[in-house]
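A single chain comes next, written as structure tokens; it is the form predicted on its own.
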């Protein structure tokens, strides 16, 4: 990040704009919304700037620029139609340590004015670090449609309610959690449209619940890692969470959707390495919930598929802690989508087995007889290390050595790798491709020639 986004207090500040043409006018359309004292210097200005001057909204100095114009300026915009002049002004302002913006000269700028979505007092600023103003404008247009006109009134009402909340919740962290529940646990667009009276009623109800409430735990599916695959319910839960307890395979881009103020607890397990045990994870969930926190137990994929959800649910229910489950897109579905394949196909397979390559005793035994049949289809989780074992068991029970197998590593992520192989070559091709996981083995699924997805074939 080269440019740090900040909101600058303009009350009573002198903002100097040098120039009176289209570039200056574009800057002024934003600056006139501030509470600054705006000074425009140029011998000629456009009709809009002249009109603003007549209305007393800015001070037009009808003359050439001089260096003393910089005196007392908090911000400077070099917005003449001459790049050379703008560069000289920018250099002088910089030497005097005055933040300066030079029109269409990124290297000369010490700050960049972002595109703004204005729902005063709510402002959303959008910047591309000068790389693509057109993209910033497109994002602004999109956000304009998403933020309802009532957004500003909602913000003003929360301002009036903050003192009451602060009185009852003197701790800053408690207040942050409180407002996260008001704003994060609901459909935001609908919430921003509620009347001031309805918002006040919500706050009153939440404060009463706060007095009585113990915590709760939400078992949330983080999906295969691509944040676009995250459900809306999961996003809301992350925003409202006080504590986020997460696994090794949860991606950073998904974690970033949680609040910065939340407590993050890593409980990842790495195959073959010492890691925290399930009883200890259960204890963390119970401890945090009994302390009154809203806890998200964030699991890769779907928490109900090889996520040991039952053990956590039983531990929580033993302490009468409320539990809610928010399913996620499981990795098998993401892997099938990556190769444009249906997991079940009429006339081919009436079922698919979701298997694990490992269990508590080591390599997991399965119904190899059924899986070895020509119609047998399976998605194997945690199967990379068990690939040779699976290969041997299936072939021992009569599976055709040329049965197709597709392996998808990091399904849905940018570093996704797909290999198409056969049962005979499965373990060797996994090793040759350098696949170490997380990966799904799709047994019985071949390459679809119509697929337009990127693939690595071996």
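In this text the structure is predicted, and so the values were computed from the model without any measurement. Numbering follows the first chain given and starts at 1.
FYI, the form predicted together with S-adenosyl-L-homocysteine isn't displayed, but the following is about it.
Engineer: Among 224, 408 and 439, does every residue place a heavy atom within 4.5 Å of S-adenosyl-L-homocysteine in the predicted complex?
Structural biologist: Checked in the predicted complex: all three residues contact S-adenosyl-L-homocysteine.
Engineer: I'd like to check something about residue 306: if you look in the predicted complex, is any of its heavy atoms closer than or equal to 4.5 Å to a heavy atom of S-adenosyl-L-homocysteine?
Structural biologist: Yes.
Engineer: Could you tell me if residue 88 has a non-hydrogen atom within 4.5 Å of S-adenosyl-L-homocysteine in the predicted complex?
Structural biologist: Answer no; every heavy atom of residue 88 is more than 4.5 Å from S-adenosyl-L-homocysteine in the predicted complex.
Engineer: Any of the heavy atoms of residue 57 lying within 4.5 Å of S-adenosyl-L-homocysteine in the predicted complex?
Structural biologist: Contact check for residue 57: no, nothing within 4.5 Å of S-adenosyl-L-homocysteine in the predicted complex.
Engineer: Is residue 249 near S-adenosyl-L-homocysteine? Define near as a heavy atom within 4.5 Å, in the predicted complex.
Structural biologist: It does: once S-adenosyl-L-homocysteine is placed as it appears in the predicted complex, residue 249 has a heavy atom within 4.5 Å of it.
Engineer: Can you pick the one in 101, 300, 151, 282 that has a heavy atom within 4.5 Å of S-adenosyl-L-homocysteine in the predicted complex?
Structural biologist: By the 4.5 Å heavy-atom cutoff, the listed residue in contact is 300.
Engineer: Could you spot which one of 424, 33, 413, 397 gets a heavy atom to within 4.5 Å of S-adenosyl-L-homocysteine in the predicted complex?
Structural biologist: Checking each option against S-adenosyl-L-homocysteine in the predicted complex, the one that comes within 4.5 Å is 413.
Engineer: Which among 319-327, 235-243, 285-293, 374-382 is in contact with S-adenosyl-L-homocysteine in the predicted complex, heavy atoms within 4.5 angstroms?
Structural biologist: Single hit among the candidates: 374-382.
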